[in-house]
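Below sits a lone chain in structure tokens, taken as the form predicted alone.
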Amino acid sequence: MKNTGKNQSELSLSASLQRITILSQLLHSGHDFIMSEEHEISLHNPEIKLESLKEDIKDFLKTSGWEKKLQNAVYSELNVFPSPCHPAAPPEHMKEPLAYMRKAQGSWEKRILKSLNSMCTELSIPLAQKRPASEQKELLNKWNEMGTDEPDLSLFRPVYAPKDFLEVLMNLRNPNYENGEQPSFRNHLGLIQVPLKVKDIPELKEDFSELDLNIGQLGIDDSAQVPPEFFENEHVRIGQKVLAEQDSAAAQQYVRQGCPTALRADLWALILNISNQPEDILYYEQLKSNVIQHDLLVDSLIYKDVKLTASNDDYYFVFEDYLYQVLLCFSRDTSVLEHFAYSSATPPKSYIQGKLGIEEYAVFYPPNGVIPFHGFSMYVAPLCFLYHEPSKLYQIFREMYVRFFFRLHSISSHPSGIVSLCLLFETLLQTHLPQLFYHLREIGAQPLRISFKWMVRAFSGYLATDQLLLLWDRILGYNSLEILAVLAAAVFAFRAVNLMEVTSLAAAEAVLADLSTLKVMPLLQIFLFATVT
């Protein structure tokens, strides 16, 4: 019992240290407002007495609006910051507690880097080079119409595609876990063979309780058949009140029932604590300047990806210029490196020419540490419907990436990581649609082979945009990606009758090829709350 008390006190200390870390980060990231002129005047006020200083500062924070700003900033950090580890845990546990996951991620990174370097060698193109003055001028002039440019990208190929990543995940094994000679129910049906704890439907019902059949939802109760006075009008009124209050926590709770279209952009920005201040706009302009001055190999990978994906999409082709601007700036943004503190991934390094292996000459490449893969641009595309000012669009995407999207292409045991999502999807199907799962497996059409690409892209490019935004509302509302696995399972359940008749992987893929007519919220509600468990 004594040990338990000691462990609790250690974890309590760890949580306190976490709060201190967050506050110190905030103070060093532009929130140290005390020394501004306005506050100096207040502090020199003769009415302020030392004995009442604490209360005076509290009152001042409240009246000046800084109390709310600080609350939102702390709340935003808490949403991103990992749960406190045991104080004695080594630093790498903050990134990923399981050694075999860290090892697998390391091997995957080496493979990606090898692919990038071999492309460099084959094409005789450097990883980075300064643009000639004439090229800089030309790029600056056509910055807002880069989509009209048609560079020859035929020799470039994506570093990897989702299906390559799936093959890696299928081979993941826990060396401490003995499956035994005889295949058991769990270890031979699904493609994911690692023993991670995932939620069952009763736990998911509890987590996603606001999606219950008895609770109003945008995506259902705002349809033409439902009079707006039943739900929609009141929900919009509450949304306007949340925005007026500028409370991030309230906004996050609110969007669990969906965002009204007119309020979505402001509500998402409030949840993500993005305010697009003059210094943020200046930072974006600096990133743009870096793009103008230097040409990176990853620029061609970004061009190629946009051309292969968004440019061919009926919803997103009009945003081609925005996508280039955001993704090229993103590749130069060294602030993105901070997310590697809580990601299982490690940013790749390159060496200055002729200094291979000498650490003093090592640099992160690309500068943000993220090598784009096939479909990466689809993380940005839906946001273009909401934000038309490039620096605001950029900040929203960057925050979405460091909170959520990075987990979809790195190997980890995190509940929102892609490995857990795959296992959750397969477990839900095996448990609640065993006949369908077994049938598809028998004909060589493992369900995960079809659904994996949906989850890696967070369904971007597969659902109609209005439905995708309703789904992303819930990702932000619950600060979790688990809903992606639930929706993937719900899609299979919805098409189960057709899928039971197919006899090949190609036929199963054909049944699930077009998701653009699906309605997200009815599917989620029926699967979670109208399924017998």
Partner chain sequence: MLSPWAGCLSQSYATPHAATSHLKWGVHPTALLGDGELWGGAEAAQHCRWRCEEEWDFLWCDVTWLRENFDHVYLEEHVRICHFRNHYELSRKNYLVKNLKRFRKQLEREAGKLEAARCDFFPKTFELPSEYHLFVEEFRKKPGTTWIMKPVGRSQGKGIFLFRKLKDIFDWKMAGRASRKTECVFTIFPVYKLERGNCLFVFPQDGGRTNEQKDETQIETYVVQRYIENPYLIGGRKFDLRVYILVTSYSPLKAWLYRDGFARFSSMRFTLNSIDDHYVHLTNVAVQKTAPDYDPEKGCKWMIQQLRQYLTAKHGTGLVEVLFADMDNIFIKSLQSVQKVIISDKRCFELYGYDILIDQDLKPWLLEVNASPSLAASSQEDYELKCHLLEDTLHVVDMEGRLTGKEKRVGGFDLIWNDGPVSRGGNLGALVNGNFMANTHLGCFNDRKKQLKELFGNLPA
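Residue numbers count along the first chain shown, from 1. What you see is a predicted model; the values in this text were computed from it and never measured.
The form predicted together with the partner chain is left out here; the points below concern that form.
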Among W108, Y160, F397, F319, which has any heavy atom within 4.5 Å of the partner chain in the predicted complex? F319
Could you spot which one of Q435, N176, S118, N312 gets a heavy atom to within 4.5 Å of the partner chain in the predicted complex? N312
Wondering, does A262 line up within 4.5 Å of the partner chain in the predicted complex on heavy atoms? yes
Using a 4.5 Å heavy atom cut-off, state whether G147 contacts the partner chain in the predicted complex. yes
Can you check whether F385 is within 4.5 Å of the partner chain in the predicted complex, heavy atom basis? yes
So in the predicted complex, is the partner chain close enough to S480 to count as touching (4.5 Å, heavy atoms)? no
Among 152 to 160, 275 to 283, 328 to 336, 385 to 393, mark the stretch whose residues have heavy atoms within 4.5 Å of the partner chain in the predicted complex. 385 to 393
For 428 to 465: residues with a non-hydrogen atom within 4.5 angstroms of the partner chain in the predicted complex? T465
